[in-house]
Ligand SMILES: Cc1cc2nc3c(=O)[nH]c(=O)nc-3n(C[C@H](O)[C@H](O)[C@H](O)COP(=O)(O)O)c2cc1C
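Only one chain is shown below, in C-alpha cells, and it's the form predicted alone.
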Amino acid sequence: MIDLSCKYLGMSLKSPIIAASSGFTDSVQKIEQIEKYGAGAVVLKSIFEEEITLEYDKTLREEAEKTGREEFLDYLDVRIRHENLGKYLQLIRDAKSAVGIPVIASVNCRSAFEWTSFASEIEKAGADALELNVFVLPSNLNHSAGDTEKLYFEIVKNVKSKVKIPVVLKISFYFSNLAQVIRDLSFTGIGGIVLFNRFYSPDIDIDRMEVSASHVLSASGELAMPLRWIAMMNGRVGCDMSASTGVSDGKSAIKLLLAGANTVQVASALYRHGISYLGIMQQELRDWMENKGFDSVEQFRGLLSQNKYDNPGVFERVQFMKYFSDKEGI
C-alpha cells in the first residue's frame, strides 16, 4: 500500500504536494476541488501588506483634497479596511468549515510594522499556519546587505510575538550568503521556510517599445534553483523546507522530495492544466514509488541530498567546464 502522507509544520498531510498561493486558492469552491484531487494542504491567495495598511490610490486622496472632505477619506479608510480584511478572514473560516486539509493563510509583506497585528486575527479565524511571502528587491544603494537581511528577522520576530500557529517564511535567493541566511532564519522558531518565491520581472517589447511583464508562470528549468539549495541545506536547518518554483509535474515533485523537501508547492502547473492536474501528479508519485519499492515518502525523502549523496560536491559545482570539454570539437 503506497502511503503519500507526510509531516509539515507539525501537521499530518495526506500528500506532500500542496496548492501554492494563487488564483486557484481564493475561493471555497476551488479549495474544495483542490482537496478532491488530493492536495495535502492549501495556501490561500495572499493578502498584501498594502491592503492591510491601507496605502490608498493617489486619486482618492486628491479627490478628498479637491472636495475639502477629509472626513470622507477617514470613513473610506475604515470601510475599505473592514471589507478587505473581513473578506480574507471569512475565506479562512469558510475554507476551514468546507475542507479537511490544512488551510495556510498567506501575507505578501515587505515591512515589520503595522500589518503584523493582523496576524492574530488570522489565527483567530482558524488558519492552521501563516505563510509570509517576503521579498525586498536589493536595489537600494543606501541599504547594505545586512540591512536587507535584518528586515526578514524583524518580520519573523514581530509576527511570532502575535501568534502561536506555525509561521512559514517564503523567501527569494537574493542574498549575499544564501546558505547562512537560510540556516539562521530556520532557527528563529519558524515552522518552515519555502524556497523560493517568484515575483514580477520586467521585459521589453521591442515592437511596441515599452516595458512589459516577463514570464508570469514558472518554467520547468527553474526547478534547478530550489533543488540545489534544498539539497544543500537538508540536515542543516532547524525547520521544515517546502519547495516552490518550477514544479511542472509529478517528476519535479519527486526530485525535490529526493533533495530533502518536506512538501512541494504547485501553482503554475495548475494555471497550465487546471486543478485536476493535482490528481495526475499524485498518481505519478505513487507509480514511481511503487516502481522503486518505496512504501512511504519518508523512505526516500532526502535520499539524494548533499549530506547523503556519495558525491556531495556536485551540488556546489558552478562551472560547465567538464560538460563542454566532453563535446566533440571543443
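Numbers follow the displayed sequence, beginning with 1. Remember, predicted model here, so these are calculated numbers, not experimental data.
The form predicted together with the named molecule is left out here; the points below concern that form.
- Among A224, A98, V216, I204, the residue placing a heavy atom within 4.5 Å of the named molecule in the model of the complex is V216.
- T245 is the sole member of S186, T245, S252, N234 with a non-hydrogen atom lying within 4.5 angstroms of the named molecule in the model of the complex.
- For the chain shown alone, S22 is a contact residue for the named molecule in the model of the complex, at least one non-hydrogen atom being within 4.5 angstroms.
- Heavy atoms of K30 never reach within 4.5 Å of the named molecule in the model of the complex, leaving it off the interface.
- Contact check for T263: no non-hydrogen atom falls within 4.5 Å of the named molecule in the model of the complex.
- The named molecule is not drawn, but in the model of the complex it has no heavy atom within 4.5 Å of H273.
- Looking at the named molecule in the model of the complex, residues S106, N133 and A267 each place a heavy atom within 4.5 Å of it.
- Shown alone, this chain has one stretch from 196-204, 119-127, 149-157, 234-242 that lies within 4.5 Å of the named molecule in the model of the complex by heavy atoms: 196-204.
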